[in-house]
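Presented below, as structure tokens, is a lone chain in the form predicted on its own.
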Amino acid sequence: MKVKVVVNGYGTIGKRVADAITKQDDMELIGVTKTRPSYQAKMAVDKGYPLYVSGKGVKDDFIKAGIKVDGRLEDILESADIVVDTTPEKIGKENKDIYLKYSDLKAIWQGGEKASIADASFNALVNYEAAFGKKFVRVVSCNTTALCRTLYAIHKNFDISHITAVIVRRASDPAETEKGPINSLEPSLKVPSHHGPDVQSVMGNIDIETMAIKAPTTLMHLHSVIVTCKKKGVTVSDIISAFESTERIRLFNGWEHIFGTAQIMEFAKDNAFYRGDMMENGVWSDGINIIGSKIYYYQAVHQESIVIPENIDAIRSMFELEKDKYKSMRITDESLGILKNIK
């Protein structure tokens, strides 16, 4: 039997999650939601996705716009096994009261919500088992997802003692013109930033400190990471091998003329990735260096798509459809056409 999924919020993340669900043999998309008429609402209907009105949305507004709707969010939740909440930050917290009215309904939130909203914070590679049978799960943010992937690879092999990371954040997503552009570099004056505690919500009491800067770009985030390891004698080749053998990490090289985030996004388009998305971490192999016990590396993070496979794996874990995380990730990666797939 397929898990019946509703995606509440058909925006940047929601539309990608919805499409990903339709590619899974063990899941069924039974509805998506919008609060107001838009090209995205029309696109959902054109794809054959049942569309429902959520929040303060008015059904008549959709009808006047010529967009067919099947009812309100509450009309479909009774039939759903799980709702993936991809609504804007803090709206998801308000929606929890709605979900609690349905005793058998499970829910997933995104990283914009606090960890306390759910029974577990989730990253497929690090703590897939933590979501087994859980009712409420939070898939951590794009930046946290990326940090967890590479830090897991290093910690598993070389035993991390400390992490320092600087997060250079995109100012807005490409379509979010109301947020930009900005002609400024803006530091987050809350130091350390929230990213460290968010990593700890998945990886436990790992010693991590983070800072963040907002940059005038919409393409990707960029992380500058310094990791101190307990294991002695680690080489650059060791780190490259660890990354190469870890799911959802893609190595690039400067000699390939992939100098920055623009070239990585162009690479994704040239490889015909759906929507030009890059769901893997992009790490520059020739930007990895080791000085003493400290490992230095950069990674690029496509904020619009990196958490999509994590949402799919979270559903599979919550319903215990697959108990082996590597098998679940392989199923997900193959279905989504993710370039790298470790056998």
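A residue's number is simply how far along the shown sequence it sits, counting from 1. Keep in mind the model is a prediction, meaning the values are calculated, not measured.
The following text describes the form predicted together with a further copy of the same chain, which does not appear among the structures shown.
> Report whether the minimum heavy atom distance between residue 259 and a further copy of the same chain in the predicted bound form is within 4.5 Å.
Yes, residue 259 is a contact residue.
> Taking heavy atoms and a 4.5 Å cut-off, does residue 233 contact a further copy of the same chain in the predicted bound form?
Answer no; every heavy atom of residue 233 is more than 4.5 Å from a further copy of the same chain in the predicted bound form.
> Residue-level contact is defined here as any heavy atom of the residue lying within 4.5 Å of a further copy of the same chain in the predicted bound form; does residue 272 satisfy this criterion?
Residue 272: no, not in contact with a further copy of the same chain in the predicted bound form.
> So, in the predicted bound form, is residue 180 in contact with a further copy of the same chain at a 4.5 angstroms heavy atom limit?
Output for residue 180 is no: heavy atoms all beyond 4.5 Å of a further copy of the same chain.
> Every residue in 13, 25 and 29 with a non-hydrogen atom within 4.5 Å of a further copy of the same chain in the predicted bound form?
None of them does, since no heavy atom lies within 4.5 Å of the partner.
> In the predicted bound form, which of the listed residues (246, 157, 127, 218) lies with a heavy atom within 4.5 Å of a further copy of the same chain?
When a further copy of the same chain is considered in the predicted bound form, the option within 4.5 Å is 218.
> Of the options 98, 222, 91, 120, which one has a non-hydrogen atom that comes within 4.5 Å of a further copy of the same chain in the predicted bound form?
None of the others qualify; the residue that does is 222.
> Select, from the options 186-194, 235-243, 146-154, 67-75, the stretch whose residues sit within 4.5 angstroms of a further copy of the same chain in the predicted bound form by heavy atom distance.
Correct option: 186-194.
> With a further copy of the same chain taken in the predicted bound form, which residues across 294-328 come within 4.5 angstroms through any non-hydrogen atom?
Heavy-atom contacts to a further copy of the same chain in the predicted bound form: 294, 296, 297, 298.
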